[in-house]
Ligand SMILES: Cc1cc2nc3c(=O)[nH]c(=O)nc-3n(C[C@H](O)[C@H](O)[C@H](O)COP(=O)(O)OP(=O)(O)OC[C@H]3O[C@@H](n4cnc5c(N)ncnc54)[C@H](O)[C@@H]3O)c2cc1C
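Read the single chain below, which is given as structure tokens and is the form predicted on its own.
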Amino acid sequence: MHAKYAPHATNTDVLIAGAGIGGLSAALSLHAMGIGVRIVEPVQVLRPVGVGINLLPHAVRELTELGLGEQLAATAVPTAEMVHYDRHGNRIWGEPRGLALGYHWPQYSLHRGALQRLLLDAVRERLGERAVVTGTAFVRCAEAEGQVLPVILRDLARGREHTVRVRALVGADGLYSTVRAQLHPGEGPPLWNGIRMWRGVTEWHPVLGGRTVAIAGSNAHAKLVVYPISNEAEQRGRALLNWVAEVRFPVEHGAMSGAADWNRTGRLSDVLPHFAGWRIGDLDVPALFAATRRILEYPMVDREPLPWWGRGPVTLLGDAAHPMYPVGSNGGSQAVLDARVLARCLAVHDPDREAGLRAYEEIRREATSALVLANRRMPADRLLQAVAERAPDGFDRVEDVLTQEELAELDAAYRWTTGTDVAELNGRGSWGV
């Protein structure tokens, strides 16, 4: 279903800090509700950066209702299944995903940069070229003047500050959110769990059925996640494979060297020894790593759930509100849900912006906090490590390694970290217009 788009408002009602997935989705959602919105983004030129991302059916539904279903289908790969293997390539557990699991919407895998570009193009087409102001950073908020909030911004090219007056501010400015820092000063750096992640994208031949999210090993030592992310490559008979290699190091929780930077370059020599000899079905893991032109390195981090997100006409969204481990492939999807609920709550409580923001937080804060904590527990990895310990040289039948009760726990583990039941999602009404 496509949302009906209300006329573009003439005044900036809501200001969003951050033109990532959450901020752009929020702009589209607010515009669909007839609410005026503008985004400020410190980066001068928005380029397609990053690696792969999974969009779960609950997020795909919302983007489809925003009229982006055809663009997603043309760009992404619809995920057919998720399968766990041991490090020798023996299948432990698997289940269908998206449409094959019974959802009315697919699960998609695609390049994060392609998703951001898709959203950005839609924002500029619907809201105008000036809806996203680049090279401009949020600095701080001043005291509200009645129903108007003065927000100080900095033009980074000129080094000048200026003030804009809006009715609401949304901090969608990521893990190192400046808006969050003003609301919650003294929080400190993100919390690291001791796992380093190396990530890359490589064009390859189709592997493991062509539409599988494959997971091998466990976070106790070394773990691999691989999935295809390009419809265009698939149409050519190839696969653009996104891979994530995770290795746990014996460091104290919370100790992290340097900032968590998505664009930090990693070295093949650092990751390759941990996966020497790994072969998952028809996938030669070391060869895949070696063929990757650029490897990125990132620590697995999150933050403690907040007791409250915003005050007055200010709130948080996406990673600024609830950064989480990528265990359930749910971080980007939850940002999309934030965006849709935010717009709905502001529309329902119009013209009281503070009431709308508090209603949004009431719906989203506890739900996302529960996901942050569920991802920290890594419920599936306990069982995957049990396989490694009980059958270090592999196995013929997984039933000889895990009990039926333990296999059922793997099903439950992904219910906890993905957070949406099939019948619940299929049965609920639209959050749109």
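Numbers follow the displayed sequence, beginning with 1. Keep in mind the model is a prediction, meaning the values are calculated, not measured.
There is another form of the same protein, the form predicted in complex with the named molecule; it is not shown, and what comes next is about it.
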(request) Name the residue from 332, 313, 356, 98 that puts a heavy atom within 4.5 Å of the named molecule in the model of the complex. (result) 332
(request) Select from the listed residues 367, 373, 408, 49 the one whose heavy atoms reach within 4.5 Å of the named molecule in the model of the complex. (result) 49
(request) Please run the contact check for residue 40 against the named molecule in the model of the complex: heavy atoms, 4.5 angstroms, yes or no? (result) yes
(message) With a cut-off of 4.5 Å between heavy atoms, is residue 71 one of the residues that contacts the named molecule in the model of the complex?
(response) no
(message) Just checking whether residue 193 would be counted as a contact of the named molecule in the model of the complex - the rule being heavy atoms within 4.5 angstroms.
(response) no
(request) Answer yes if any heavy atom of residue 178 is within 4.5 Å of a heavy atom of the named molecule in the model of the complex; otherwise answer no. (result) yes
(message) Just to confirm the contact call: exactly one of 280 to 288, 167 to 175, 266 to 274, 301 to 309 touches the named molecule in the model of the complex at a 4.5 Å heavy atom cutoff, so which is it?
(response) 167 to 175
(request) Within 4.5 Å of the named molecule in the model of the complex, which residues of 189 to 208 have a heavy atom? Give them in sequence order, or say none. (result) 199
